[in-house]
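Single chain ahead, by itself, as structure tokens, in the form predicted alone.
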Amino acid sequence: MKKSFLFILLISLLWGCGSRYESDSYIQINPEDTPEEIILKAAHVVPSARQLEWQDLEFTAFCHFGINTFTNREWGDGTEDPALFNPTEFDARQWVSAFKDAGLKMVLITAKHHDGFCLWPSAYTDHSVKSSPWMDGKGDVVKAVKEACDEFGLKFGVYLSPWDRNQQVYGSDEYNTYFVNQLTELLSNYGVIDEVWFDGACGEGPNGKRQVYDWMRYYETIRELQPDATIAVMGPDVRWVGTESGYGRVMEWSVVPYNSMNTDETAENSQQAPTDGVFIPMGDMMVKDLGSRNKIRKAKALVWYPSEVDVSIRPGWFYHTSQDDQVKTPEKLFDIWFSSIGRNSLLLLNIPPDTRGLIHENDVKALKDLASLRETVFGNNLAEGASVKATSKAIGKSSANVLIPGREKFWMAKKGEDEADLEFDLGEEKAFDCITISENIELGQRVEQFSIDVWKDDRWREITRSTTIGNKRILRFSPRTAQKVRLRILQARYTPAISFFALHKRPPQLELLPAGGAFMEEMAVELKSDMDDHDIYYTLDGSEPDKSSLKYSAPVTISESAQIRAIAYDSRGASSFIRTGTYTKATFSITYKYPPSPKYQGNSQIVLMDGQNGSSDFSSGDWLGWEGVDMVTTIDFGEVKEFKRVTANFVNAVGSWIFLPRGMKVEYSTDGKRFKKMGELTNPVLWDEAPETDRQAFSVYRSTKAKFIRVTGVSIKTCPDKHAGEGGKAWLFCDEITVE
């Protein structure tokens, strides 16, 4: 079959049309098209009905469950005994109920993973639940989860691994038939299937062979049996964002070039291996920019191909008892929310059932707390009730429509105008620190750059600026208090159409300054919230703070070791995350032969050994600086101790006349008078060969007993020849010294 024919056939399959020109989800670029015509075409690429419905889900659940759950592995090899599968408390309703309460809209179950073990009683293999003791071999996980989804009103999807490490026919044409037979079972026996999820994993089977997957046949089967099902992410409807971290691109285009005709590049960037498939309409999905003007100007065609961000709530994808205390915190999950759904993507969160067949209590709590946090922030649109005016609007597309959730009503500028402003008068000053904006993607993704301004001191002041919007964009920034807010569309591919705009206030953002560390005599700790009117409470004994705890009014001075835990509340009663700082009274003292420069004395008495690594900003107070002299630091531990390694961190920033040391010498003593050499090293890197900004650790190893350790960082003293400061005094910056 020639590629040109494959290409045409594929487009027909992807968007369910008889001709590749019938769907606006795909637009061909002609050789004679001008750059302006290409941009206009890009503005008119729109999602298919199934893609639009999928995009509106926003938040879906992945459930990795199977034989690996009971072998404590991530990837099985297909030789597992089905008798190991026995979830004695299995309850799909418990799963789906927890997901619904958390706001998840679909459940995707691993019907078969790479080990080939099937969670339904497949007629084509005995490597399945029918050979297990669970429910006397009469159980069906797929059926139970599907029925629970129907009961609680969630959509349902299946993951079916093409790689099968159990099947002896893997690596032959016969296996493609086997796979289609199993796919047919799943798509024929369980009612409506809303999504079919593939990865491209293609390792060796039990016979040592690899499989050439017949992707076109798989897609044809799905389109025939479940024509409304979305095919992701090794499929034509949805693409993988390119990382399993949970974080999407800052600039995420749903309209991308259709150039590549194979899956290899996508496979290389994940667990997947090349498959010789024929559908991925792009190349490297890890790059920051997939669809800007520069990316599409040489495209052969443009296609609507939205991104999905996947991540697990735990370090692993399958359940492991050892990870019960490693469930992602609500704070981490909320950050992922902003960086996935808030970046024009869908979030697929994996929540793996445990060996009981239940979602573990820790996972349920994290989901519940995340839902509560989202309600606190997004449950109230601070722009609701505002008067809205626009510099441009199409007939019947009122600017006030952007305050109505959904896409049925929206604002659009006059036809042909690609710049416009929306101004919101809130009626009174309100505090906010994040915004939600949505385009009406039924008309396409058009906005290329926008900004948010507030009216302050009789003029507009820009507070943030970004690129794409798409289905949903959520931006965070430091709190602002204003009565008037402005959305400026700075550049668009065609007439912009905004369907929703909202202002929100996150819970208080609290920090402890310093965040922890050691001190010699006493230390003052500042508890700082992002707004002055927040009430802050704290404890000194490590107990959990609340409104009955000590109320903060001034920096807390401690003279003994302590653990400070603090929480802030705003006027809504919303609380910050609890912040914890551990402060240890040092059993050592530090002296210097040459005092650090008064310009860079650090923010504590023992900044060199406070347990806090200096940031990339050498002026932050985390670093000590010496100008034109060596750093000679003596540490008195108060008693003789055994040591084996001394490490000192220095920074290189030659543009600021800061250089790495020529070398480092470490000495030791039991009386503070007679010192012996513990070790010495030379820095072989020339100043103009080192990175412009670089943090480098120097270590000396030798087991010894001492009361005193002296560390000397040998400065170059003067800026070298050919440096901009040639002949001037050179700086040496150090933090942190660790003695082990």
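Note that residue numbering follows the sequence shown and begins at 1. Only a predicted model underlies this, so the values are computations on that prediction, with no experimental measurement involved.
The form predicted together with ligand FUL is left out here; the points below concern that form.
The closest non-hydrogen atom of residue 113 lies within 4.5 Å of ligand FUL in the model of the complex.
At the 4.5 Å threshold, heavy atoms of residue 310 reach ligand FUL in the model of the complex. Interface membership of residue 159, defined by any non-hydrogen atom within 4.5 Å of ligand FUL in the model of the complex, is confirmed.
At the 4.5 Å threshold, heavy atoms of residue 175 stay clear of ligand FUL in the model of the complex, well away from it.
From the list 37-45, 676-684, 62-70, 704-712, the contact stretch for ligand FUL in the model of the complex under a 4.5 Å heavy atom rule is 62-70. The partner is absent here; in the model of the complex, the one residue of 253, 538, 410, 317 having a heavy atom within 4.5 Å of ligand FUL is 317. Proximity to ligand FUL in the model of the complex, defined as a heavy atom within 4.5 Å, singles out one entry of 630, 220, 425, 244, which is 244.
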